[in-house]
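Just one chain is shown here, as structure tokens, and it is the form predicted on its own.
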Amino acid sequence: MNEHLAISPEVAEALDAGVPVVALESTIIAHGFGYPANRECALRSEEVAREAGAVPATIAVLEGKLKVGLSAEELEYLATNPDIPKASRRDIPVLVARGADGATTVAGTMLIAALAGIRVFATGGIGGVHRGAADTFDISADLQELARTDVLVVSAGAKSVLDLGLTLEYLETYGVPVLGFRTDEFPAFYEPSSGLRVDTRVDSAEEAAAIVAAKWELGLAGGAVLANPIAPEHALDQALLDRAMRTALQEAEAADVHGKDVTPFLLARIHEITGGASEEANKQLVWSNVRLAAEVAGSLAGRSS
């Protein structure tokens, strides 16, 4: 056991018994929504995992410990302290050494999940290659983490404020399979489709589990993306979303917002411009991803039992 890991008794017992476990991130709690919507999203995510037969393991860095499975009080602390910094791979050693707190990103959550022995992680959307990256080199650490860490990430694709074409090219270069759940096209977070094709379509959680199991059995390091489109009834109106994104991107450029501050800025402005519609869509897609992740985790557990 890594001395820096603090796994909750429930999660530890589940892992020992081979019960399905799904990792959940904490950046979405500290930075994804305002209070109390963030708390609602986090608590409901854990409920959805349980309803689908898996144990939820929300992950964060608290007082320098890599926490895997949070209490209600710890979830409340994250939800009511938006100044908690994001914790990606590069940040975790600093937070551990200083005994500090951090809300884990996709990359940070993947890293800690793998240390704990968790193979399936549900999030909203992965990070990717930012628009204009040819000049700025602004590429999310999530993509490199997917290339090196053996965790399947279930997401609604990536946010359409990113360069989705280059994001898929980057994942292909580093050998990361992108699986489309009952779709041939890569979803764009608030939209079911981006017009870009995924590598492989899968039509069941069992099929997705079989593919990632084969990948790891072959000794092929790294994760995979299971892209789960937002349900049509929860997707945002295309014209409204396009207008919101144009405005948000223009404002981010004018305000010289860059790096890890870009995505929270854009999401906040899109929330304002859409009158809160984006927040409801975000919650619904997260819960859908958690449900699917629990099903995949259950299939993986069944294969190893």
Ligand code: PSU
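For clarity, every value in this text was computed on a predicted model and none was experimentally measured. In case it trips you up, residue 1 is the first one in the sequence shown, and so on.
The protein also exists as the form predicted in complex with this ligand; that form is not presented, and the subsequent description refers to it.
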Exercise for the section: Given that the partner is absent here, state which listed stretch (38-46, 55-63, 25-33, 241-249) has heavy atoms within 4.5 Å of this ligand in the predicted complex. Expected result: 25-33
Handout entry: this ligand contact at G223 in the predicted complex, heavy atom, 4.5 Å
Key = no
Problem - Any non-hydrogen atom of H130 within 4.5 angstroms of this ligand in the predicted complex - result: yes
Practice task
Determine whether any heavy atom of R148 comes within 4.5 Å of a heavy atom of this ligand in the predicted complex, and answer yes or no.
Solution key: no
Practice task
Report whether the minimum heavy atom distance between S194 and this ligand in the predicted complex is within 4.5 Å.
Solution key: no
Handout entry: Partner-contacting position among A210, A141, L166, A100 - heavy atom within 4.5 Å of this ligand in the predicted complex
Key = A141
Exercise for the section: Would you kindly say which of I230, A122, V106, A113 lies with a heavy atom within 4.5 Å of this ligand in the predicted complex? Expected result: V106
Exercise for the section: Spell it out for me: taking this ligand in the predicted complex, does every residue among V154, F186 and K283 have a heavy atom no farther than 4.5 Å from it? Expected result: no
Handout entry: Contacts with this ligand in the predicted complex, stretch 159-180 (heavy atom within 4.5 Å)
Key = K159
